[in-house]
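Heads up, the chain below is alone and in the form predicted alone; it's given as structure tokens.
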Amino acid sequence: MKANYGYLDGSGEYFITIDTDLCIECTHRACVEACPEGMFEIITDDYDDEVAAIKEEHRKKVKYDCGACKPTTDRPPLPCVVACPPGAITHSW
């Protein structure tokens, strides 16, 4: 299952997607530590699996909270994506 955290407004779609089927396989949980804004947390989902999620207080402002990692030019790889060995994390913008 893919969990989408973020929002859609007049300027675009801003979602962080976590593929929970891939996330379940990860034992490192490095995304939690990799995010400089502390946006990630580990939760127990509806199927009693531990998976990453975006904290509630960040969900309606992911574009802004991810801003430090997303310069407009010469964008380096995103820390949360790099820290995720199974490749479960993607960004829509």
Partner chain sequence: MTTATKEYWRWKEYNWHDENIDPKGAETITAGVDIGSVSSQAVVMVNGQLYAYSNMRTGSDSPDSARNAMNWALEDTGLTLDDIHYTVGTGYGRVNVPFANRAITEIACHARGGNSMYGPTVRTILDMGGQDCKAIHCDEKGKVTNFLMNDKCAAGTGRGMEVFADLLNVSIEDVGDMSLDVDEEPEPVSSTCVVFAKSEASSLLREGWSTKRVLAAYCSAMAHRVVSLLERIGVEKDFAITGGIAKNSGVVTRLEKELGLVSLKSKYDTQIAGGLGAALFAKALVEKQRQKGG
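Numbering follows the first chain given and starts at 1. For clarity, every value in this text was computed on a predicted model and none was experimentally measured.
This protein has a second form, the form predicted in complex with the partner chain, left out of what is shown; the following refers to that one.
**Item:** Partner contact for H28 in the predicted complex: the partner chain, 4.5 angstroms, heavy atom
**Value:** Because no heavy atom of H28 falls inside 4.5 Å of the partner chain in the predicted complex, the answer is no.
**Asked** Do D45 and the partner chain come within 4.5 Å of each other in the predicted complex, heavy atoms counted?
**Response** Judged by the heavy-atom cut-off of 4.5 Å, D45 is in contact with the partner chain in the predicted complex.
**Request:** Enumerate the residues of 1-29 that have a non-hydrogen atom within 4.5 Å of the partner chain in the predicted complex, in sequence order, or give none.
**Result:** Stretch hits, in order: M1, K2, A3, N4, Y5, G6, Y7, L8, D9, G10, E13, F15, T17.
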